[in-house]
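This document starts with two versions of one protein chain, written out as structure tokens and named structure 1 and structure 2.
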Structure 1
């Protein structure tokens, strides 16, 4: 999700940055591009209209036109407007002071409620809670059996109901766990009888969290539907489902903008552990092509020691990064997962990632790099300037490659360092390493 919106805006901003001074016409063109990019990403028509108006107003107020830093300012204004739209803090799932915590999952048909309920149970259990699932979708054929099958996979209890409101309340009174997750039937927001049913469930179970599941592929109607749900139910959070699609996700984000309900979770796959806590600030940065360095750093933390990771990130930004560090990282990166996935998190690499050939060829390339670097001495890795012709020959021989392979790697590495040097200030400015 979101990649295409990211590359679209990156192109717009690159164009703008290329201008020595921003003219009125440049600004209008950029705003037109932003509008089309957002609409193509399914951002709600109304949200787009107000976002473009806000950006124009602020750009005029900031006198970006003819200013030397005009382009950067516009990017910043769009960035801030998007962050406002997304919200900035991650909001956790409720935890009642006196158990059980009750969570009711609602949404349109086919949005992904049942799977989300099971994934949430799985996530909470990992956090040390004792979830109980309630199969309150008595309408869709075999919906109860579906949740029961998922419960069996997770080895978590699933309770049946006959009258959803009455029986769910009974289960809440005697849960046999500390968190009750109620999966309800899919319904249309204009279906009076069905909306009354879910109101009844909420009234009877007094939930701490009412989560509305929104399909990441949803279109313009999502805001109306969500607003209608919110008008009848105290929705406390959104779950974005099917984020692993290539949808640009604008509608689901517009729901946040239009209703103020925070996105709490996102579903990223069909497996029962494919669920993640939502970090809006990181997302805005990624959409703007600034990458998700925080996620990258966190991912690294799973395999790397935290201090070391921070030190390396700092080195990278200050361009003190050596081939030795690179080699250590390469080893760690190999543990972290497919290269393409990681690339997407690196600033400005979103588009590049799409072009990176993954598979055996890349693996071969990486092996070569590894062989070359491991044939270098520590001193050579720390300071590439000492690499004269004979050293290069030795390295080539030692690694079973050619001198031109060695030259190529050295050149690439120098270029990367230059790039990091340029990006460094921007990254620090946007503060992705804050936490």
Structure 2
């Protein structure tokens, strides 16, 4: 996701960093590239105009022109402006003081409501809650059966209804769990019948959260749909579905700024655990090619010791991360998710990740990287400067690869270390070490 935008912005800022000092012309060229990149990514024109104006004003105020650190300052200013545009802070899913917490899921037909309801239930269960799903979409063929099938996969209860408003209110009164998630009916377009039915459910259940699911692939139509729903319903948060299928990502960046509704969750894949809490600062880091160290560490914490994960994060942020540490992480990769997705979270490795194919070839690439690193000695993993020609030939022979493969991996890792050294202070400020 956001591959197109990330690629354009990474190129823009790499060019800016290559200048000894930032001139007025350099700044205007960079801002022009940022504006074009955002517009091509389908970000709303008004949002783009506002963001570029904010960056220009702050860059002038910070006197980045002719500063030796001007390029880094511009990157940080763009980062901060993106974070503000996306909502500044993560907004959690509601939790009632007295159970049950009631969450109503709304949206157009085909936006991904039913799957998002199941993913949310799975996420909340991991947080210690006891969710109950309510199949209140009685109009779309097989909608109830779909939710029941997802419930069986998750081993979670799914309740059927006949009269959506009346029966949902009855289930809320006797839920059998501490969180009730109501999947409502949608239509191919917004109409009075759909709105009236959803308004009835909301009035009857008095939800603590009304989450609107929008299809990230719908582009600016997603923004229009969000505005229309918000005009009739007390929407408390957005769920961006199918974000992984939208290489541009413009709707994801526009919808919060255009509607004022906070984005709470992102659907990042087809699996029922492919959903993330929406963190504006982390998303801004991904878009700017800075990776997402915090999310990577959180994924690691599911399979490794928490203390060890925190130490690895600290090493990365301080640019002390070695290939030996990388090798240790590789042992956990299969448990944490697809290799390409994980490598995109590591600063400087996004371009390498983009070259890694999906499917069986991904596994082969992982094995190649692991073979190269495992063919190195501990001393070589800790200090890449000792890798002379003969050592690289030995590593290539031992791993069944070529010297070119070894050189490519070493180059990418050194670039990652270099980028971390440049951006470490900014990442620490916005990351877990600040807390």
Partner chain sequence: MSIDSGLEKTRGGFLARLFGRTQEPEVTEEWLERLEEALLRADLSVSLVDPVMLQVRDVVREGRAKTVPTVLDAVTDALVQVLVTEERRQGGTPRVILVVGVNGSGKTTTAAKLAKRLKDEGARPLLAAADTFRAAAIEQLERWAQRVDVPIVSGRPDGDPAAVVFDAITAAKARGHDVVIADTAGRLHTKGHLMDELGKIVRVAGRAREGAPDEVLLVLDGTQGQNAIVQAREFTKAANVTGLVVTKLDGTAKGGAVFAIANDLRLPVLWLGVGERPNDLVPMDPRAFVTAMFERGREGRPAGRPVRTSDERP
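Fair warning: this is a prediction, and the values are worked out from it, not measured in the lab. Between two forms, the rigid core is defined as the largest C-alpha subset superposing within 1.5 Å. Positions refer to the first chain, counted from 1.
Trainee: Structure 1 or 2, which would you say is the form predicted on its own?
Mentor: Comparing the pair, one sees that structure 2 is the form predicted on its own and the remaining one is not.
Trainee: I want to check residue 81: does it shift between the two structures by 2 Å or more at the Cα, with the core superposed?
Mentor: Moves: yes, 2 Å or greater.
Trainee: I want to check residue 238: does it shift between the two structures by 2 Å or more at the Cα, with the core superposed?
Mentor: No: residue 238 shifts by under 2 Å between the two structures.
Trainee: For residue 274, does the CA position differ by 2 Å or more between the two structures when the superposition is done on the rigid core?
Mentor: After core superposition, the displacement of the residue 274 C-alpha between the two structures stays below 2 Å, so no.
Trainee: Following alignment on the rigid core, what Cα displacement (Å) is computed for residue 374 between the two structures?
Mentor: Looking at the C-alpha of residue 374 between the two structures, the offset is 7.9 Å.
Trainee: Keeping the rigid core fixed, what distance in angstrom separates the two C-alpha positions of residue 389 between the two structures?
Mentor: It moves 9.7 Å at the C-alpha.
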